[in-house]
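Listed next as structure tokens is one chain, alone, in the form predicted alone.
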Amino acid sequence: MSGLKLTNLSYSVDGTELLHDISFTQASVGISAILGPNGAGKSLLLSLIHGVIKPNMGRVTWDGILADKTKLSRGFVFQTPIVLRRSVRANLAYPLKINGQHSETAIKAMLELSHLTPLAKQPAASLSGGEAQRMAIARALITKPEVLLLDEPCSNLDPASTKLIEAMIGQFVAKGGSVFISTHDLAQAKRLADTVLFINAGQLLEHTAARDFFDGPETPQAQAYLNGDL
């Protein structure tokens, strides 16, 4: 994984500060879970890490290059998956097409990975929530990114869909990929995460190994969150 570094990052909208003075470095391959209560700034932090928006203050860099300038390949999947008005197969082919590529082998592999091969010719709009999210993740993976950013990918999904998505994430990481995932599902974070970033009210309060966070959080806010009181 290329090194991610946030330096004194802050972000405001119309004078309201949503993220305040966040700094951390993340260099290890694996899964980083972004945890925190509703409104903490998890989705916003993911967008800043990805580079789709710029901070008002501070910097986000990958190997020293600004996030919006780096050529590091990244895939981003939203909580509500984007579904293009075409077949499932054509949805997967789309990122290849816009990059001037085509690979039947890659499309077939992604259909198999997402367990969508029987639905390949169906309109993507007909998919269930879990199927659509698996398609969105497969579409993000088809261009072989180095980093995958997932915003609540299993929100409101049944356990079977969640299990399939976690398997997709696991296979990506097993091949050397790095994942940043925001989630409210503490059980999922315990299953998947190597590292936890805990934010509350726009501030990064803990950045530590997942086991250490769940065994003994350092801040009262994190303990309250784990207890269900925040």
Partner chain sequence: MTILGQAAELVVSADAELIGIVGLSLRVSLTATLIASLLAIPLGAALAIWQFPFRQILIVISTSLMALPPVVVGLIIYLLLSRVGPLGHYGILFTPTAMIIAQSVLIFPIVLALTREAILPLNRDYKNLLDAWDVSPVQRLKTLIWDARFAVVTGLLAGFGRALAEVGAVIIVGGNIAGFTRVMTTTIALETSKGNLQLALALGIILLSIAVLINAVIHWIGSFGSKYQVTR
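All figures in this text were calculated on a predicted structure; none of them were measured in a lab. Numbering follows the first chain given and starts at 1.
In what follows, reference is made to the form predicted in complex with the partner chain, a form of this protein that is not presented.
- Between the partner chain and the residues R85, H102, K108, K144, the one pair within 4.5 Å by heavy atoms in the predicted bound form involves R85.
- Stretch 49-57 is the contacting one of 49-57, 157-165, 192-200, 173-181, since its residues have non-hydrogen atoms within 4.5 Å of the partner chain in the predicted bound form.
- Among heavy atoms of L127, some come within 4.5 Å of the partner chain in the predicted bound form.
- Under a 4.5 angstroms non-hydrogen atom cutoff, the partner chain in the predicted bound form lacks L150 among its neighbouring residues.
- Contact annotation for L116: none of its heavy atoms lies within 4.5 Å of the partner chain in the predicted bound form.
- With a 4.5 Å cutoff on heavy atoms, R139 counts as touching the partner chain in the predicted bound form.
- Candidate site formed by F78, P95 and I98: every one of these residues places a non-hydrogen atom within 4.5 angstroms of the partner chain in the predicted bound form.
- Taking the partner chain as it sits in the predicted bound form, the stretch 186-204 never comes within 4.5 angstroms of it through any non-hydrogen atom.
- Three angstroms is the minimum change: in the predicted bound form, the CA atoms of L72 and A209 sit farther apart than in this structure, by 3 Å or more.
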